[in-house]
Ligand code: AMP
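Presented as structure tokens, the chain that follows is alone, the form predicted alone.
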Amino acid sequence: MKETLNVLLLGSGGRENALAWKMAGSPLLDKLYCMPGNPGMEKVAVLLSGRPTDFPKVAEYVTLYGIDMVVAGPEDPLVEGLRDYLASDPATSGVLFVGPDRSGARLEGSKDFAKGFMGRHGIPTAAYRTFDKDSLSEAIEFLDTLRPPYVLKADGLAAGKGVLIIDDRQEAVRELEEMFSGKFGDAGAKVVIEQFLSGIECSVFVLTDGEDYMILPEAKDYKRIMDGDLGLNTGGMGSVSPVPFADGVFMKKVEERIVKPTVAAFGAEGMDYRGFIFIGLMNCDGEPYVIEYNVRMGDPETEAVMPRIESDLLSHLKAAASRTLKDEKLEVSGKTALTVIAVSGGYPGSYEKGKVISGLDALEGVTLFHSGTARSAEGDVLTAGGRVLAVVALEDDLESAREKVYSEIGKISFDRMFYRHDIGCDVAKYL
């Protein structure tokens, strides 16, 4: 039996760059291929053109390059059924796959399904109801039973933009009407309205083979564009791990009340779930409630989680995919990892691409992950997205990590570059 693995990693963001970086250090790795990847992965992987949702192209690469294991970074190919597609073809059915089947991916693909799943298995979450455009009047009546702010969630995938938290009732009704009218396309054909939970958020990441599990380092991300958590929501402006308020008592509650029943429910629901489960949590006075499930790692949380894992990630992934996770032992650094994201001016609204990035070679003592970059014909690294770069420091404590990141990120420059200056400040009070 072959001892090393050829791995195909799908995706092109900071999350995938962090996963590639971590897997590249494994003695189990033969060759790493990234589809499509980004310039940050060039030193550790072979970049392949194509989209992760182009299933025939993925299958072609699996056979062409003798791929032993596929790791899905983003959610789209999982929700659309990539694992099922590869399993249905004799030429690719033997490949190991990190990610759930289409049935399991419904936990992210449909918020209504996820809420029903939690209800069926006694997993603590906010009260809710689901409506479509034909039940608008009932939806408004349900709104009136809730206290503001109002939480509206498009049922399907909406590129991270389908969750609205609104203080004003009239605005909530207006947004509800717009969602039913196509604001988020088919994703908003059904809308989940749920009770607002007051507390502080954190993200818990679990790797499972569908029977056993390991809880990876938790993290907290920062979604608002401006310091002080002001302004528009983004895909994430930074992250920190560990999370000081997620202490041993809290995490024990998370494991007993959420992780264990979630993993047990996979079998009960007939899901062949092998991969990551991202549990978005609200800490309400020390009690954990699930806000959402995602069926992959988070971004930018992955950029803070990966540097803290000291054991062999690729070994853990192989074990999850081959259902031998019980034999694995996770080792985690006690240090603090802090990530700050540099974004394009105008993000999360309209922004320009193609800006030359300078200063990348000047960084010292931090890890750099590319999120939205491309390489020009002349060899320059250019901006190619809203979130452009992730700068990560791993230090003995939170204060040292903050100091290191902000001393180094200032060495990078591109036209209209922007980043938050307060990542990690809010959790310092819990130390």
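Numbering starts at 1 and runs along the sequence shown. If you're wondering where the values come from, they're calculated on a predicted model, not measured in any experiment.
We do not show the form predicted together with the named molecule, though everything after this point is about it.
The contact with the named molecule in the predicted complex, taken as any heavy atom within 4.5 Å, belongs to V163 out of V332, V173, V163, A87. Contact annotation: of the candidates F196, F245, F142, Y351, the single residue with a non-hydrogen atom within 4.5 angstroms of the named molecule in the predicted complex is F196.
The candidate stretches are 182-190, 76-84, 319-327, 289-297, and the one lying within 4.5 Å of the named molecule in the predicted complex by heavy atoms is 289-297.
Although the named molecule is omitted here, in the predicted complex none of I215, E256 and R274 has a heavy atom within 4.5 Å of it. The named molecule in the predicted complex is approached by E201, whose closest heavy atom lies within 4.5 angstroms of it. At a distance threshold of 4.5 angstroms between non-hydrogen atoms, M282 is in contact with the named molecule in the predicted complex. Under a 4.5 angstroms non-hydrogen atom cutoff, the named molecule in the predicted complex lacks I309 among its neighbouring residues.
Contact annotation for L313: none of its heavy atoms lies within 4.5 Å of the named molecule in the predicted complex. Counting a residue when any of its non-hydrogen atoms is within 4.5 Å of the named molecule in the predicted complex, the hits in 123-159 run A126, V151, K153.
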